[in-house]
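In the block that follows, a single chain appears as C-alpha cells, in the form predicted on its own.
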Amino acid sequence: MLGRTLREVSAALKQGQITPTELYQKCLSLIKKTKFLNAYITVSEDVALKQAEDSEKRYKKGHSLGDLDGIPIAVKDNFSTSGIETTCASNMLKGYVPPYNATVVQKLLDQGAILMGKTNLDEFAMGSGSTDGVFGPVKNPWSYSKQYREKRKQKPHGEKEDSNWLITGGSSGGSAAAVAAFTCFAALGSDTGGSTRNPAAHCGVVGFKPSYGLVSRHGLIPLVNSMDVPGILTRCVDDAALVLGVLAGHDPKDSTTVQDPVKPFTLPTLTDVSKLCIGIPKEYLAPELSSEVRSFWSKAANLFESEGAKVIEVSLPHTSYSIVCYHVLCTSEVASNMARFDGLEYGHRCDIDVSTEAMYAATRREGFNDVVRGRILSGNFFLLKENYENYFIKAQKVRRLIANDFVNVFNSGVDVLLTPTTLSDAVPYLEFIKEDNRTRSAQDDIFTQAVNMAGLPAVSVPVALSNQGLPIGLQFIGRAFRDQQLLTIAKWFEKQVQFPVIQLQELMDDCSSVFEIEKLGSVSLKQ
C-alpha cells in the first residue's frame, strides 16, 4: 500500500481495501523505523491518530471529503500549524506553537488529510542541503537503497558507522526524504530559490513550484516575500496536480494570490506531443554541470524530438547575472523579515536585562545561526542609504530583465523550457560541508532561482539513476499560470522515462514486500 500513488491509495480507501487508521499505523511505524534519516522534527502522533479515526468514521458513513481524505501527509516546519510546534529548525522558534494554521495546511486538513508531522529543513529555509538546521542534517534515503549500495559494492551495515551517507538537497530536504522513504504520500515544502525542486531531484521524487500567486503564502513563515511559494513533493506528477487542485486559489489573507477562482483539475493524458515546442536555454549549459546530467538532459530533448515535438535552442541572455541579483534581493528581504524576531512577542528571549538593545542583540545572537546572521548582515549592507541605489534598486531592474527574458522566449512560441535541476546527483555529507552555505547555495540554485524571480511555475521530474545508482532530475519551466499545461507535459515525460522505484529492503525488513516492486523502464533514458 505504501508504495502506491496517492490516487491509488485514495481508491483503495474508498473501496475499503484499507482503513485510514491502518494506513496511519503503517506510515507511523515507517517513520519510527527511519528515524535516523532525521526527516521529521515533530511527529504529531496523537493529532494524526484522531484525524485518522475521524476519517474512518466518514468512510464508514460513505461521506468521504474527497481524494485526500485519510491520506497521510507531512508539512515542512516553516508552515504554521495550530497547536503543533513550528520551529523553522531554529533556536529562535524552539517551543513556539502557532495559534493558527497556514492556509495551505488548513486546506489539506479540510479535505481530511492526516498530518503525520513537521519536516526538517535548513534554518529558516536558508540553504541547499538541509544540513544547517538546529536539529541536525537530513539523510538521503537513497544512501541506504539497494541501487546505490550495489554500485558501491559494500555490504549494508548499521547506519551508525556509515559516514558515507548523502545529503537530500534543500532546504525542503525533510519533506523530500519523507516522501521518498514512503512515510507519507505527499509533503509541503517551500520554494524561494529552488528549495522544493533541488531536494526532489536528489531524492528521486517530483517537486513542483507553482506560479507565484496561485497558492496562498499565509502562514508560511516568510523568507523572501516576493519569491516564496509553497511547493508540493509527491511520488508522481499526477499526485502533485491533485494536491495543487486542493491548494490553489484566492486567499483573502494573502493579497498576492490570484483573484479568479481556480477549479480542481485532472491532468489529461497526452498522447501526441508533436504540436509542442520545447525550449533548451543555451545559457544553462554551465561549465560546472556534470557530464551525466548533461547527457540525460540531451537524451530527454532527443526523446521529445523523436516523438515529433519541436525542440529548439533558446537564449535567456541575462542568466549570468541572475544568481548575484538573487543574492542581493534575497538577503535584503531576509534582513527585513528577520527583524520581527526580537525576543518580545514570541520565540526565544535571552536572560540579559541590562537594556532593551542588549536584550535584542543577545536574543538574536543566541537564536540565529551563522548562516542566518550572515544573510541579515549582507541584506542590511545592501539596504544602507548609501548602497540602496547601487545594490537593491539595480538588482530590482535586473530582476525585471530576467523576467522579460522568459516572457520573450514564451512569446516566441515555446511551450515549456527543459533544463537541469541540479549540477549533479547527491553528494556525500562530508563532501558537502567542505564549502560554506553561501558558496553551496550559489552553486546549487543556479538553474532554479531565476524561475522564482520571474514568478513562473516549474517542476523537477526524476529521470534516471546515475552511474552511482542515484536519482537525477530534470526541470520543466512553464508560462505563468499555465501550471496545468506544464504538469501535463511533465506527466507525459514521466511516463516515457519510467523512473525506477527506490529499493529499501535492508532498511525495512518487516515491510519488504512493499518495496520489492521492480518498476524498471520501458524507454529508460539509459540507452
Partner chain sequence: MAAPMLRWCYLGRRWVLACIDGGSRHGRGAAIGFTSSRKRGQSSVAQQPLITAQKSRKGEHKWAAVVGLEIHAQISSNSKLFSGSQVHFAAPPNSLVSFFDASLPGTLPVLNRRCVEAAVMTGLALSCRINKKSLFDRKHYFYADLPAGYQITQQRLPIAVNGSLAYSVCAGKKPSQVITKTVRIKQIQLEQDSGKSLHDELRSQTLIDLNRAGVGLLEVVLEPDMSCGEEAATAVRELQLILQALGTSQANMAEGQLRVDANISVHHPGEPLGVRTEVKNLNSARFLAKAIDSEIERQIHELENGREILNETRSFDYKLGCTMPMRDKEGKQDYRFMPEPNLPPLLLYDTASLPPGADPQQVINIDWIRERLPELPSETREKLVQQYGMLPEHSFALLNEVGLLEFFQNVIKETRAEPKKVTSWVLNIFLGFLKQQNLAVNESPVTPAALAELLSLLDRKAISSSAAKQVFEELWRSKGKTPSQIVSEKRLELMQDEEALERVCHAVMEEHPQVVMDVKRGNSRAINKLIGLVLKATLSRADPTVIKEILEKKLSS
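Predicted model, so just to flag it, every value in this text is computed and none were measured. Residue numbers count along the first chain shown, from 1.
Another form exists, predicted together with the partner chain; not displayed. Remarks below refer to it.
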Counting only heavy atoms and a 4.5 Å cutoff, which of 169 to 177, 213 to 221, 423 to 431, 297 to 305 contacts the partner chain in the model of the complex?
213 to 221
The partner chain in the model of the complex reached by all of 109, 190 and 485, non-hydrogen atom within 4.5 Å:
no
Residue contact check: residue 332 to the partner chain in the model of the complex, 4.5 Å heavy atom
yes
Can residue 340 be called a contact residue for the partner chain in the model of the complex at 4.5 Å between heavy atoms?
yes
Consider residue 398 of the chain shown here, and say whether it contacts the partner chain in the model of the complex, taking contact as heavy atoms within 4.5 Å.
no
State yes or no: in the model of the complex, is some non-hydrogen atom of residue 80 no more than 4.5 angstroms from a non-hydrogen atom of the partner chain?
yes
Would you mind picking the one in 358, 312, 407, 384 that has a heavy atom within 4.5 Å of the partner chain in the model of the complex?
384
None of 364, 146, 94, 438 but one has a heavy atom within 4.5 Å of the partner chain in the model of the complex; the exception is 364
Of 243 to 259, which residues get within 4.5 Å of the partner chain in the model of the complex if you count heavy atoms?
252, 253, 254, 255, 256, 259
